[in-house]
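Presented as structure tokens, the chain that follows is alone, the form predicted alone.
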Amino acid sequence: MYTTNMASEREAPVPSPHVGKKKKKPAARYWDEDPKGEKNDNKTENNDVESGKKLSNKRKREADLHHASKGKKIFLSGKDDPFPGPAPIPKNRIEKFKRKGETMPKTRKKNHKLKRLMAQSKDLSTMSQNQAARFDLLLPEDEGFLEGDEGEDTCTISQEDIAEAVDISSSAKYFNLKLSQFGPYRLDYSRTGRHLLLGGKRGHIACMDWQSKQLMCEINVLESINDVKWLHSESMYAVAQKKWLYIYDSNGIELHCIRKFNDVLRMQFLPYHFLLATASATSFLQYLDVSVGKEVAAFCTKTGRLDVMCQNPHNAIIHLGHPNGTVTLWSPNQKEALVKMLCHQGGVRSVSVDKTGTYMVTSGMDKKLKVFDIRTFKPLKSYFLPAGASCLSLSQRGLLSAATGDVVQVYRDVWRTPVTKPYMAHRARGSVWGLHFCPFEDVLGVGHGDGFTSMLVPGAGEPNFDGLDANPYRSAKQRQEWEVKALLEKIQPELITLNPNKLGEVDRATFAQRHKDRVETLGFDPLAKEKFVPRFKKKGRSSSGAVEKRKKQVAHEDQRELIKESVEVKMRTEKEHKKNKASVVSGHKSALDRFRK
């Protein structure tokens, strides 16, 4: 039985459940009896109060603005700001973005306009530094590295253990593709790190979105493949086949067959120049502009078969390794090598350059792994590998992967400290034919005789990407817009130099050049001395012989100062030489020195 208790009219009213809150007054209704006079009086009073409040607020605002103009603080909320002024920026972050040579040069003349312009440029420079330091704080992602337990070596940790320890999305990045029929495989990742391109030695080509495992196309060209390379976007790629160079789209449709580029063994794509550089078995280095489809340059290196090639991402210089142990640096502007370096006693097997363009790592037939500083072209470190390294690859964070047979070893900080053991190691299912780190991911792609392996390498990829340059999450529309902007901003091949900072320097005219321009504008040389014309003398003293004698005397006067200086320098050096000789002689004691007083 359910019972309900109804409150009678005599019972006390139930108290409101809203404790501590005043009940809102209900809105006035038209049936409420309210005298009109009272209503109007209340209205006028309320209007007067509101107008008074408005006036006081207006005066207060004016007073605040007046104080602000005098440099006094304004507290709009009525409370003191606990953190007044702009947020402080750490000094180490400002130093990171500080420009070199920021001291203002002192001008001798009082040029007020120039001083004002220089002060404005200094203020703008300081503001840009602070903004860059503030935006750097918005990059929260940090690279991580593999850390073992106490006494545990990280190179003994297997890929299966790492995949079990990480989250599901990261563990899905470790996988194997068994493709034993058409191997061994060479590979390439797109600039965004989203797409993978595989090329088997026996003609198999496959491109895919490796993160979602979605296959874009898969074809067999029915002839051997030497190398594969993505072009400016994931919609086109180049394949170096047995005879010629072919261009395909992402659907596997053949777009071009370039017969000028024959017997190509290795390829590198320069993204900011839209240039495809190829090295052939006939010792030719060729450049193809993919935006217009024309050959830019072709050089015969005269060094034999070119099967070792890499690029410097900093200045777009091509590095070639040769069987005689040398590494040569090339640009499309010069027919001869810019630099020739003797790196190994045997042939060079692989070359790799870091993204800053500072260090180059090479491996050779002498079983040595060497690290060079490209700024000085001198070796920094040298390591001995028992079996040598056939393939090398450097990650965005400076990790080095080296393949020896079917074993892939990853090293850390090879150019800073001497390395005694690898950071990570993994045994592939076949002999390794290609290595490549995936951009913006802690992943190393390994192409071997049994297919492809995607390894997890913590700390390999750059955690913060530039969304305007290479955005891994861009849509098709964003990719189209980026492609148009990249074509408009394409750098011409004539600007490829060893030192790209030279292009930003001011070409200051020399004194000789300025003097030459001045002579051309004036029509005469203002610094030239007037030709000496002897004064005519009487009584036979202005004969031709006497005039020539006076001319010679004046001509010798100009040389007298130079002769005096040279004689003084000669005398000084002779005196110093005698002193040194005397000190050397005095240093040798003889038996008769004891009789000298």
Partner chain sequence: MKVKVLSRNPDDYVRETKYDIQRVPRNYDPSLHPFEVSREYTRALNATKLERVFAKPFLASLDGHRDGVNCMAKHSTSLSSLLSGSCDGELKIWNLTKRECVRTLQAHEGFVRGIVVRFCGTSFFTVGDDKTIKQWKMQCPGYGEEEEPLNTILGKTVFTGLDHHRTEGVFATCGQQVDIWDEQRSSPIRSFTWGVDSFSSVRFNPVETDLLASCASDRSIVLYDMREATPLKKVVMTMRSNTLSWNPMEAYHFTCANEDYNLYTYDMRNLEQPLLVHMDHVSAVLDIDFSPTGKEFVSASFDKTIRIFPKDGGHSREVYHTKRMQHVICVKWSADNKYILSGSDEMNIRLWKANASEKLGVVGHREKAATNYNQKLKEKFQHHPQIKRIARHRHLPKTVYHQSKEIRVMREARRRKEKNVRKHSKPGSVPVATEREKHVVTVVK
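Residue numbers count along the first chain shown, from 1. The term rigid core refers to the most C-alpha atoms you can superpose between the two forms while keeping them within 1.5 Å. Model, not experiment: these values are computed from the prediction.
A second form of this protein, the form predicted in complex with its partner chain, is not displayed here; the remarks below concern that form.
Just one of Asp80, Asp123, Asp149, Glu336 has a heavy atom within 4.5 Å of its partner chain in the predicted complex. Which one? Of the candidates Asp80, Asp123, Asp149, Glu336, Asp149 is the one lying within 4.5 Å of its partner chain in the predicted complex.
May I ask you to choose, among Val166, Ala298, Ile89, Ala509, the residue with a heavy atom within 4.5 Å of its partner chain in the predicted complex? Residue within 4.5 Å of the partner: Val166.
Given that its partner chain is not shown alongside this chain, does Lys113 nevertheless sit within 4.5 Å of it in the predicted complex, heavy atom to heavy atom? Flag for Lys113 set to yes.
Answer for Tyr411 alone: is it within 4.5 Å of its partner chain in the predicted complex, judged on heavy atom distances? Close contact is absent here: in the predicted complex, Tyr411 is far from its partner chain, nothing within 4.5 Å, heavy atoms only.
State yes or no: in the predicted complex, is some non-hydrogen atom of Pro458 no more than 4.5 angstroms from a non-hydrogen atom of its partner chain? Looking in the predicted complex, residue contacts with its partner chain include Pro458, since a heavy atom lies within 4.5 Å.
Whether Ala316 contacts its partner chain in the predicted complex should be assessed with a 4.5 Å heavy atom distance threshold; does it? Yes, Ala316 sits close enough to its partner chain in the predicted complex that at least one of its heavy atoms falls within 4.5 Å.
Among 232-240, 287-295, 441-449, 386-394, which stretch sits within 4.5 Å of its partner chain in the predicted complex, heavy atoms only? Looking at the partner contacts, the answer comes out as 441-449.
Suppose contact means any heavy atom within 4.5 Å; which members of 454-471 contact its partner chain in the predicted complex? Result: Leu456, Pro458, Gly461, Glu462, Pro463, Asn464, Phe465, Asp466, Gly467, Leu468, Asp469, Asn471.
C-alpha of Asp373: shift of 2 angstroms or more between this form and the one not shown, rigid core aligned? No; that C-alpha moves by less than 2 Å between this form and the one not shown.
Would you say whether Arg93 is displaced between this form and the one not shown, judging by a C-alpha shift of 2 Å or more on the superposed rigid core? Indeed, Arg93 is displaced by 2 Å or more.
Return yes or no for Asp249: a CA shift of at least 2 Å between this form and the one not shown, with the rigid core superposed? No: Asp249 shifts by under 2 Å between this form and the one not shown.
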